[in-house]
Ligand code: OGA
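Just one chain is shown here, as structure tokens, and it is the form predicted alone.
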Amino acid sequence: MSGITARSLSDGLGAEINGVDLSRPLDEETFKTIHAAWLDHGVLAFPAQKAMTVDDQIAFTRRFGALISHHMPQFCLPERPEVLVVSNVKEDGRPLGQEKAGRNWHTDYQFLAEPASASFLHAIEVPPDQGDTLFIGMTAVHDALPAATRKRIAGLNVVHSRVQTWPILYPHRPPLSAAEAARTPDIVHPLVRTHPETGRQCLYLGDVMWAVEGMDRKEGQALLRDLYNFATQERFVYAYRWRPGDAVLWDNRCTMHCATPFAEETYRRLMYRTTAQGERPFYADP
């Protein structure tokens, strides 16, 4: 396939890819071009992909790795546990998908031993304004840290706990069931992770961070809070404004993202997300 163009969306993070119809199978050369752009930019936007079906979306995402089935199947398409529905729409009083999803800075499935690499979100219906998705490039954040801080955090490990953070992050949702909690036990990941394909160092933060291994709890939480506040400065944040049919692919290994609110009582939103499993995070001392 020829005619692919990549237009930068912000300084150092994100590109819009044109000349690609994701409702059609991609040849190997085209996929390699997209994959290279994904590694370069962290976030790729594919506008006007209204013809892309759920099957097309699954097939495209699977080229980045095995798909992850969501740990809460009640928010997935029927018989499709690998397709998470993000929506405020209700039918017969039942939510079609997960409401108010992703309102905290995070990376997808960070609470798994092998978290997500690629996440792919397709907008079916979106509000006319608000409801943006914010992105941060965590390589740029790491590189902007003072040298003394980079030295201090290199090699540290963080306990990520879906169970401990759930009531803090989602006080409006029912508590996790015993089965749901058992599916997501605490896991330890490096605070600085080395990207397995580019070799770049990335600060690895998220909303399920609970403690720094080997560090006094208060001291560890203060460190994580300081890093979080540094990373979420406006200078690092790019806001993506959704349009119907848009599809966005991001690399969870080197970005962090956050959904923003919209007038949910007035407007409908319906989006489908598929996610590819990545590698176990590691830190390679340069």
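Sequential numbering from 1, following the sequence displayed. These figures come from a predicted structure and were not determined experimentally.
Below, we refer to the form predicted together with N-oxalylglycine (OGA), which is not included among the displayed structures.
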Give a yes/no on whether R162 approaches N-oxalylglycine (OGA) to within 4.5 Å in the predicted bound form, heavy atoms considered. no
Look up in the predicted bound form whether V141 has a non-hydrogen atom within 4.5 angstroms of N-oxalylglycine (OGA), and give yes or no. no
Does H195 reach N-oxalylglycine (OGA) in the predicted bound form, with heavy atoms at most 4.5 Å apart? no
Within 4.5 Å, heavy atoms only: does D108 come near N-oxalylglycine (OGA) in the predicted bound form? yes
Taking 4.5 angstroms as the heavy atom distance cut-off, pick the stretch from 59-67, 31-39, 256-264, 221-229 that is near N-oxalylglycine (OGA) in the predicted bound form. 256-264
Answer key, N-oxalylglycine (OGA) contact in the predicted bound form at 4.5 Å (heavy atoms) among V83, V86, L191, M209: the residue is V86
Just to be sure I understand the contacts: of P127, P73, P95, G102, which is the one whose heavy atoms reach within 4.5 angstroms of N-oxalylglycine (OGA) in the predicted bound form? G102
Near N-oxalylglycine (OGA) in the predicted bound form, with a heavy atom at 4.5 Å or closer, the residues from 56-80 are none
